Each structure stands twice: as structure tokens, then as C-alpha cells.
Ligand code: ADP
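Next comes just one chain, in C-alpha cells: the form predicted on its own.
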């Protein structure tokens, strides 16, 4: 793929495309992708000699791979799996503690709309597997027993569980944290302009020489249409939608974003896009807003200065936070 001209990179899970800049002939440029954390991760970087870019991107992917070994609920030897198997919890790594601390904060502020303890429920539905099912209500009630913001307590790096069989699931935030860490590694290697995208969890580092990055947000009911375009620099852009992972049964769509109150997929939204300082925060907020719905979701967002959101409600209506317009690209 030539890198000496403007091009459009197709992205995943709600963020349709980001326009790459026109690099000067003397500049290095690199675009690499790798399967990690159950999705395709793309890193694009430019403005430095090619060798420096190669080293930086290698280091960024290595950091994300290391974190995947800690956070994955599918690896029996991961730290998260060990914590889920433990009846009481235990000491965790600094990285896991950072993810848990942010997740528990958003869980408490959202009244449990964001929840790190949905592991049993997600396993029951099996939406990420080959044979998803609609569980019976008795099984759902059992999976919800003992979950919620009060089910986990973090004191420094010591995690305590209030319920023995509680399964911890960091899927709604860990990928974002890994992207944040990849960006930090790129910065440590002197990279000032890059894009890191993990299945729609994206951070745009710096600016292109001519203007900020532009990102198209996918229309939740038309995969070939762009709902809106935003331009950002040094910001995270995250979209959660009911069209990302789902199955249909008896004419009903069952997607992967669960309401912890009911144990069923949340029904108040079609998609939520959040622009925030970090991808981890954007990840958690996008899920919480989706579960809460437009009105309650935007009230939660008021607690996070600097974060903005565009919510597509279940009926297709658009609801934006007050500062969203500063990122919009007008046609």
C-alpha cells in the first residue's frame, strides 16, 4: 500500500475511517496491523526515520501483547482468570490495579451501569462464541447474584471480592487501557504523530501537518454510511454500538452490551461515541452511556469535564453533549 499520497484506512466497530496525512518524501512512514485481544489492532505512525518508527511500533505491539496476557478472561493463566477463580481476590499487578480503579470509579458514578463483574452473565449468553443463546430468566438471575459496584473492593493493589464465584471481566475497559499504553510507548520513542486503533478503540496522537485527524462515525443502521465526521488531535475516540457483535432470534437482535439490572442487552441506544482524554475512560463511559440511555447518560458525562459524546437513541434520534459541536466537521 503506497504511503506517499493521502489515503483512507477502513476501521472497525463504529469508527469508519481516518484520513492519513500527505507525508513529505524525507519522512518515514509505517502502517502495521496485528491480531490482538480478539480484534485487529492497527498502528500508523509517521514523521521519523523508518528504523525509529519500526522500533517504536514493535515496542507498542509488545506492550499490548504483554497486557493481553494479564487481562484476558479467555487465558486460564492470566491474572484476571486467576482473580476470577479465587474466592477472595488477592494482590494484583500495577496495571491491573489501574484498570480496576478506573472501572470501579465509573461503575460507582454510573450506579452500576458499567460493571466489571459480568463475567458469568457474558459466558451464559455466549455472544462472543459460535453458539450464542437466550438464557432462561432463572439462569440470568443466578448469574447476576452478588454482582455490582460493591462486589469488588480495591485497596492499593489488594483486590477483595465479596462473592466467591464472581467472575471478573475487563473486556469493557482493558482494550482501551492497552491502546493508551501503546500510545505512551510511542511517545517514549519520540513519535509525535500516530494513530492506534483496536477494533474501534482509537487514539489519535498529535496532528497531521495540515490539520487535525478526521474520523468518520459509522451509522448504526447503515454500514455503508457515515453518521458524522469529527476532527481531533491528542484525543481518544471510542464507539460502542448494538451492531458490533450480536445475533438474532425470533426477529429480535441480542447484542453484547448488557444491562446489569436486567441481564439482557441494553435497549436505550443504537450507538454511543465518546471523545475523551484516554481510551480506557472513553471505553468505560461509552458502555455506561449506552446502558443508561441518552438523558441519564449525558448527566453522567457532566461528571467528566473534557469528555464529550454523541448518542444515537433506540429510536434513531441524536443526543449530543454540550461540547460535541467543537469536534464536528460540517459538510
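Residue numbers count along the first chain shown, from 1. Quick caveat: nothing in here was measured; it's all calculated off a predicted structure.
Omitted from view is the form predicted in complex with adenosine-5'-diphosphate (ADP), to which the following refers.
With a 4.5 Å cutoff on heavy atoms, residue 291 counts as touching adenosine-5'-diphosphate (ADP) in the model of the complex.
Taking non-hydrogen atoms only, residue 132 never approaches adenosine-5'-diphosphate (ADP) to within 4.5 angstroms in the model of the complex. With a 4.5 Å cutoff on heavy atoms, residue 169 counts as touching adenosine-5'-diphosphate (ADP) in the model of the complex.
Within this chain, residue 258 lines the site of adenosine-5'-diphosphate (ADP) in the model of the complex, having a heavy atom no more than 4.5 Å away. Segments offered: 177-185, 155-163, 211-219, 237-245. Contacting adenosine-5'-diphosphate (ADP) in the model of the complex at heavy atom distances within 4.5 Å is 237-245.
Interface residue among 191, 113, 80, 195 relative to adenosine-5'-diphosphate (ADP) in the model of the complex, by the heavy atom within 4.5 Å criterion: 113. Contact residues in stretch 266-300 (any heavy atom within 4.5 Å of adenosine-5'-diphosphate (ADP), taken in the model of the complex) are 283, 287, 291.
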